[in-house]
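Only one chain is given next, in structure tokens, and it is the form predicted alone.
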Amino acid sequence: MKSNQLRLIVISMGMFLLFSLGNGLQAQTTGWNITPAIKATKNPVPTSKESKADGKELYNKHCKSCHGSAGLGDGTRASTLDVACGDFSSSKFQATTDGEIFFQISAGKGKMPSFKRLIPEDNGRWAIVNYIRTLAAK
């Protein structure tokens, strides 16, 4: 192989690695991949006493161990994780749309699993959204 060809291969591989690493770092630092359509998705489950109760039951079963009883990110498993579990009562979190929260519950990311399999009914995940809204700081 000629030295020019070898040089071209090495440069190409280097550019590929830089591009790949750059995209990986960007994905880690930008957070969730929320599209405008996801952000605009409306909750089809009416906020009612029943849906909040259903959401609380599912939250206690699937979310509380990491996110805590009051959604402060201080659940019993939170200290074993190398990432913060977030504070659902914060104004910053509460400013996220229902569609964003539903997407995060459904898709999962990093240490947070997708709950599509554990909570296969969309309405169950939407009920959790309704319940999480009750955790706003008072």
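The first residue of the shown sequence is 1; numbering continues from there. Note that the structure is predicted; figures quoted are calculated from it, not measured.
If you look for the form predicted together with ligand HEC, you will not find it shown, but the lines that follow are about it.
> Pick from 70, 81, 53, 38: which has a non-hydrogen atom within 4.5 Å of ligand HEC in the predicted complex?
After the contact test, the surviving option is 81.
> Is ligand HEC close enough to 49, 127 and 136 in the predicted complex that each of the three has a heavy atom within 4.5 Å of it?
No, because 49, 127 and 136 lack any heavy atom that approaches ligand HEC to within 4.5 Å in the predicted complex.
> Can residue 104 be called a contact residue for ligand HEC in the predicted complex at 4.5 Å between heavy atoms?
Yes, contact at 4.5 Å.
> Answer yes if any heavy atom of residue 86 is within 4.5 Å of a heavy atom of ligand HEC in the predicted complex; otherwise answer no.
Close contact exists here: in the predicted complex, residue 86 approaches ligand HEC to within 4.5 Å, heavy atoms only.
> Using a 4.5 angstroms cut-off on non-hydrogen atoms, would residue 45 count as touching ligand HEC in the predicted complex?
No.
> Judged by heavy atom distances of 4.5 Å or less, which residues of 95 to 130 approach ligand HEC in the predicted complex?
Heavy-atom contacts to ligand HEC in the predicted complex: 101, 104, 105, 109, 111, 112, 113, 115, 119, 128.
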